[in-house]
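Have a look below at one chain only, the form predicted alone, in structure tokens format.
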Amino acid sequence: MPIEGQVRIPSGCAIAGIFSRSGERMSGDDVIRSIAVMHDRSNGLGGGFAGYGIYPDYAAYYAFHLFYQEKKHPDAQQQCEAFLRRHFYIIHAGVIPTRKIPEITDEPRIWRYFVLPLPEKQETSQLDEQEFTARCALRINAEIEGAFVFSGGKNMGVFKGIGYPEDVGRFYRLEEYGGYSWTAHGRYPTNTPGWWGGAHPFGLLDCTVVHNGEISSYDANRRFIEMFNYQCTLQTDTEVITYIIDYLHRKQGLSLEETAAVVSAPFWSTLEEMPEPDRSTQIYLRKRFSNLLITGPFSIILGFEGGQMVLGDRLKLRGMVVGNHGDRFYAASEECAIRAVCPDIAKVWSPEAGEPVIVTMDRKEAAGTCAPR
């Protein structure tokens, strides 16, 4: 029988993020190099990236990235574009540029559309612009076979597929994009299939999530969130995290700190020891949104317009390291991934269990109580 040390038991997946507080745009090269250092944490069944600030010429429009499974569903693109024309102005459309490499095979048809809701359609729906756009994206995924919206925010985009992340990055030619924020994921799927739509990041509007871990509360979380016009169709547990955060932050108006307190809530024994008024606030959130507590081992990087949030589970069952150097913020599953792109980084530390680390372009230091070493 193999003994400890002779068998690699992975803690699953790799995640990384780089963020410029000044808004300086960086190519995708650094985040590709960062995630590539953690190659052995993935198995080639999924890799992906999210970049923010990458479409300055179309910054006012929603950028829909779509996969079309044209081999199985040859009319998927025709149906999807007819739906888009009924609901949006299509400002520009075309194939997302890629390069042929031997490591990436069986790719679907990959298109992008820059769109704005038709005023008459939005007015009839009695929804604001963001909610109208989000619901249309979810409808495409649920109702049009062979069409999948995998990115739909303004001035940002998700790029993902089947392969190791460094190969996916080269496939999408990410060195040609400039963004102030990048996140990355290398996948090691356990309970769900490896397929193009199931790779990370998962996105809705400008919210994207990369995740290392396993959501044991997935069924309970999914059943609850689907009562609020979300539909989980992409065959992996991480999708529900994105919708939970969107619901709490965008729809319910919770701050990111409050959102983190819901999805990675402290234990009741910890809450009882908190001073007021934090104790009352935390107990209210725990009771009000009890069905959105995420259980199981996880660490995530949330990307959003103007910032990033790093968050782990309340038992710290998945590793995460963050650091500051100049105006740059770095996060990764392993410190080596940060030092690969910033070898002289000034501050590196590991957040406490359930502690959100939040950085934005208007905040000079990362949030959190854990002092950097």
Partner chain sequence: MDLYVHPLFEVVRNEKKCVACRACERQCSNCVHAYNPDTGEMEADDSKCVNCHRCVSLCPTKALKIILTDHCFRPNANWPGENINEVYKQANSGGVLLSSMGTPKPHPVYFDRILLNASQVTNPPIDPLREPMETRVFLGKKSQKLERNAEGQLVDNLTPQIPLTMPLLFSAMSFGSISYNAHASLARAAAALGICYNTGEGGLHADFYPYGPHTIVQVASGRFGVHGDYLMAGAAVEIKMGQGAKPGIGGHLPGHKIAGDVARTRMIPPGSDAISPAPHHDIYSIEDLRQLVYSLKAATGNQKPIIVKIAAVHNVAAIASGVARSGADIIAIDGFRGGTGAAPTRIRDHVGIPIELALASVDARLREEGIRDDVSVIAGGSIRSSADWIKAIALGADACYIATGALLALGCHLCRQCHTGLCNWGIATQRPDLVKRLNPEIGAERLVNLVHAWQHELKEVMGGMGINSVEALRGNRLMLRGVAMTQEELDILGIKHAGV
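Not measured: the values here are computed from a predicted model. Numbering follows the first chain given and starts at 1.
One more form of this protein should be noted, the form predicted in complex with the partner chain, which is absent from this view; the next part is about it.
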Practice task
Name the single residue among Ser125, Thr233, Gln79, Ser216 that comes within 4.5 Å of the partner chain in the predicted complex, judging by heavy atoms.
Solution key: Ser216
Fill in the blank from the handout: Answer key: of Pro119, Gly253, Pro74, Pro97, within 4.5 Å of the partner chain in the predicted complex (heavy atoms) is Gly253
Problem - the partner chain contact at Lys287 in the predicted complex, heavy atom, 4.5 Å - result: yes
Exercise for the section: Answer for Phe267 alone: is it within 4.5 Å of the partner chain in the predicted complex, judged on heavy atom distances? Expected result: yes
Practice task
Determine whether any heavy atom of Leu293 comes within 4.5 Å of a heavy atom of the partner chain in the predicted complex, and answer yes or no.
Solution key: yes
Practice task
Classify Pro102 as contacting or not contacting the partner chain in the predicted complex by the rule of any non-hydrogen atom within 4.5 angstroms, answering yes or no.
Solution key: no
Handout entry: Check all three, Ala220, Phe224 and Thr281, heavy atom within 4.5 Å of the partner chain in the predicted complex
Key = yes
Problem - Stretch from 309-317, 62-70, 49-57, 331-339 whose residues place a heavy atom within 4.5 Å of the partner chain in the predicted complex - result: 309-317
Practice task
Can you tell me which bits of 134-148 touch the partner chain in the predicted complex, meaning any heavy atom within 4.5 Å?
Solution key: none
